[in-house]
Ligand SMILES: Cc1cc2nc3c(=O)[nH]c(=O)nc-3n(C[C@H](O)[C@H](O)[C@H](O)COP(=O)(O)O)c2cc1C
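What follows is a single chain, given as structure tokens, in the form predicted on its own.
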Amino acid sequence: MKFFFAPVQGHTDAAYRHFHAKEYASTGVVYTTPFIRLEKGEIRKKDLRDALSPLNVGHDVVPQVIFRNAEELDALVELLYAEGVRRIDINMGCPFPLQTARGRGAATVGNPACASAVRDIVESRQDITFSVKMRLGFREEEWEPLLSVLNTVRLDHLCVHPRTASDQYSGQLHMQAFDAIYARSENPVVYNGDILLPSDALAIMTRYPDLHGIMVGRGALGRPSLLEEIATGKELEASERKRRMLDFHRELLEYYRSSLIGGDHQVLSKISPFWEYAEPEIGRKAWKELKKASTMAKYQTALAMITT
């Protein structure tokens, strides 16, 4: 069983991944970068910096690309290969309208040309290990033709979030669709979706005993020890979770304060999202104060409200 930290735009940058791995080193997590896309025919510089950051050294980090046609996918793969990348995750699951409206992410699931592009690139680049992260499409049944195509190539794994693009991150998971993908996929399957507690992961692993892995995103942002707890089978006490969460946050904050040149305002804009999903862990009062802190002094006062 493998454990994956899902990429989350605006949260899981190289620094976040580095200090998370440092604090929760026993987990053996595979980290996927937030998606990399083309802008005017080139990879965005900030995406490339993140994918190639020295902070990735020593950690299991896989760059993820998002595309809308064969030309974009080919270009992204070639550009990353030239930088020494030999493992690539292909995003066919992003539900955000800003991406799906451009034919990327979950919009590629129901696009036969995109399915063919993935097949062709995987077949032709035997020197690269590929994985795919997908949703069900815009409609629940759109995944079936894509799965048939993906079954003709060898992937490291197929990660499935059993929701449609319009579901975003709410509503019922379409577990019957996941059942079918799990049964019919010729590639190892990773489950992603609503893993917020260790018991959620245990229920999935029990239901799907041959599962290749579990991917967690928002759950691990709100409870950074979650993947370690799942991997070790040992649930931590709330006080221990908060203590280690604060240690993790402290190192990340110190890094931003030493590396960003825009002063406290820029540091706060980078570090405040750390707490976005953490209300259940730290309590509503501290969470609200952290979110609205407009100066570093107010932020530090709000931090002191988190008691362990």
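A quick note: this is a predicted structure, and the numbers were derived from the prediction, not measured. Numbers for residues come from their place in the sequence shown, where the first is 1.
What comes next is about the form predicted together with the ligand, which is not displayed.
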Q. Has each of 7, 34 and 133 got a heavy atom lying within 4.5 angstroms of the ligand in the predicted complex?
A. yes
Q. Since the chain is shown here on its own, which stretch among 116-124, 188-196, 227-235, 73-81 would lie within 4.5 Å of the ligand in the predicted complex, judged by heavy atoms?
A. 188-196
**Q.** 4.5 Å heavy atom contact, residue 217 and the ligand in the predicted complex
**A.** yes
Q.
Using a 4.5 angstroms cut-off on non-hydrogen atoms, would residue 64 count as touching the ligand in the predicted complex?
A. yes
(Q) So, residue 100 and the ligand: in the predicted complex, are they within 4.5 Å at any heavy atom pair? (A) no
(Q) Even though the partner isn't displayed, in the predicted complex is residue 255 close enough to the ligand, meaning a heavy atom within 4.5 Å? (A) no
Q.
Can you list, in sequence order, the residues from 164-183 that come within 4.5 Å of the ligand in the predicted complex, counting heavy atoms only?
A. 169
